Structure formats: structure tokens, C-alpha cells
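Quick setup: the C-alpha cells below cover two forms of a single protein chain, split into structure 1 and structure 2.
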Structure 1
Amino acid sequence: MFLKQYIKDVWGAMKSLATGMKRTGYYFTHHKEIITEQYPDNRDTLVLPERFKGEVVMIHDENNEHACTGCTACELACPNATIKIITKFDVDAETGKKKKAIDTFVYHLELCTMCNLCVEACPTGAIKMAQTFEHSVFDRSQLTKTLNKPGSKIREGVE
């Protein structure tokens, strides 16, 4: 009984090894089908899959304007408090009314799970997931980022 199980286990292991070696031999003879890439030698030409998510970034146009209204939908959607929106009230020069505006968009990359829930929750499309992936730093405080650029303001027409 024991010998029969032993032979069966050895046969299964040999069969598994042969299956793996068959796949290795296939890629050895079909070089163009290899999907792995050497890294970091090809850093400049590296093409990441479209669905890859690296970090959250705020989209600014050439006039340093963004679409974030400070609604905090992204902050509420984040399951682990990665995003902190600090708002202020701006006074409209024409109407004299106070309007809520973003002061600081704080993003804690070290807490982010790249779940994309914040991007999905944003009603104005102000943030997106970038394809950056090299985030190693020696100082953990460098992983806390302010996403709105200095002097940026909300784009006209975004409510």
C-alpha cells in the first residue's frame, strides 16, 4: 500500500516536471512570444499594460487648472483613508458669494492599495491612476504627496 502511493507520487512529480520543461522548451525555441521584459535596462521603452495602476495623480491642464471641486467623494470612497481633502471658501469677485474650493489634496501613497475606488467616485474626473511604479524611498514622509500644484485653481465651468 505504501509502495503503491510512493510510486504514484514519484510519477506525479515526474509528470509535473515534464510539463514545466515542455513549456520552457517551447519558449526556448519561440523567442518572439516571450512576454517578460528585462528591467531596468529598458526603463525608457518599457510599456506597461493599460490597466496597470501605479498611483493617484491630479490632472492639471496647461493653465494650471484642475477639475477638483473639493467634494470629498474620493476621500469617502477610499477604504483606508489614503486621501485627505482640505477645503477652503473662496469669495467670487463678481457675485460676492462664497464657494467651496480645494486648498490641499493630500495623498498617502504608503497607505494606498491601488483599488481605484477614488477615481471611480470622482464626479468630475479630476484624478486618475498613473502608471508610475518606482516608489521606493528611504524616508517614508516622501510618500505623502500634495496632488494639487501650487497656485492651481479650479477650471471654469466645473461645478
Structure 2
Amino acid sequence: MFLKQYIKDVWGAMKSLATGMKRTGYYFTHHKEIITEQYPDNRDTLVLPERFKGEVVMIHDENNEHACTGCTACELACPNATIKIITKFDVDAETGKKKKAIDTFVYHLELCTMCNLCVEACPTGAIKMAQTFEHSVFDRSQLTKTLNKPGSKIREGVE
């Protein structure tokens, strides 16, 4: 009786082992079903989806103009104090009126958690999420970025 059970157990174990090995053998002979991506080598062909949240960037058009009015809605929406907007007063050359404008749009990538709340909060659509994802640098200070390009100004008609 003991021997019968023993042989049965061994037979069951061999059978379950063969079932598992059959699956391994299947993939061994079907290379096309393996979907491993060779990551650093496929950078050129790697396309990230358009909504991917990589980092915050400011949209500039061909005339080096942006749509940021300096309303600080993004700064208030950010949970981590990632964004700091420094404003200045531009003097209009024709009318002589003072007008509020952004001086520097400071963005701390090292604090950003990519929650997209700033982009949602922006009333003029001045910022968006870019698809960049390899952010490693040797010095932490390089992650503090100024988003408005040098010499850029606000687009006409954006209030």
C-alpha cells in the first residue's frame, strides 16, 4: 500500500514537472513570441505616447513668444512647490502703462511628481508635459530649470 502511494506520488511529481517544462520548451522554440525590448539600443525607435508625463515645458512659437501671463495658477495648484514664478513690470513703449509679465518661470524638476495639476490649472495653455524621461544628471542644481527662453515675450492677445 505504501509502495503504491509512493509510486503514485513520484509519477504525479514527474508529470507536473513535465507540464511546466513543456511550457518552457514552447518558448525555447518560438522566438517570435518573446517580446523583450532591448532598451538602450532602441532609443531611436522608442515612441512615447503623447500624454506621457515627463517634465513640464513652456510652449514657445517660432517668434519666441509664449502664452504665460504670470497668473500663478500653476504655482498654487502644485502640491510640492515645484514651480516658482518671478514677475516683473513691463512698461509699454507707446502708452507708457505698466503691465505685469513673467521674469523667470523657475521649475524644480527634482521636486516634481508629474501629477499634471499645473497643466490642468493653466488658463491659457502655456505649459504642457513633455515626453522626455531620462533625467539623470551629476549635479542636483542642473534640475532647477528656467522654462521661459531668453528674450521671449508674451504673445499678443493673451490675457
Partner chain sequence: MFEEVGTTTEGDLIINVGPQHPATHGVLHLVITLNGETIKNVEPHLGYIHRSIEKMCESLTYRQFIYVTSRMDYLSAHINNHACAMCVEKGLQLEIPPRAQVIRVLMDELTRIASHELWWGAMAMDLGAFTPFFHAFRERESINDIMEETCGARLTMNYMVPGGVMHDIHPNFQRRVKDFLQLYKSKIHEYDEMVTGNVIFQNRMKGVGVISAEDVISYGCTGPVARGSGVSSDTRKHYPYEIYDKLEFDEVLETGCDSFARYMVRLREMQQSIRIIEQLIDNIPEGDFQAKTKAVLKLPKGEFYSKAETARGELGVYIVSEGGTTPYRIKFRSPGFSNLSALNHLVKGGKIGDLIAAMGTLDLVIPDIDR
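Sequence positions of structure 1, starting at 1, serve as the residue numbers. Residues that one form lacks are left out of the comparison. Basically, rigid core = biggest C-alpha set you can superpose within 1.5 Å across the two forms. The model shown is predicted, which means the values in this text are computed figures rather than measured ones.
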> Just checking, which of these two is the form predicted in complex with the partner chain?
Replying inline: 2
>> Following rigid core alignment, is the displacement of the residue 134 C-alpha between structures 1 and 2 equal to or greater than 2 angstroms?
In response: no
>> Given a superposition on the rigid core, I'd like a yes or no on whether residue 15 shifts its C-alpha by 2 Å or more between structures 1 and 2.
In response: yes
>> When the rigid core is used for the superposition, does residue 50 move between structures 1 and 2 (threshold: C-alpha shift of 2 Å or more)?
In response: yes
> By how many angstrom is the CA atom of residue 6 displaced between structures 1 and 2 after fitting on the core?
Replying inline: 17.8
>> If I superpose on the rigid core and flag every C-alpha moving 2 Å or more, which consecutive runs of 3+ residues come out between structures 1 and 2, in sequence order?
In response: 1 to 38, 49 to 51
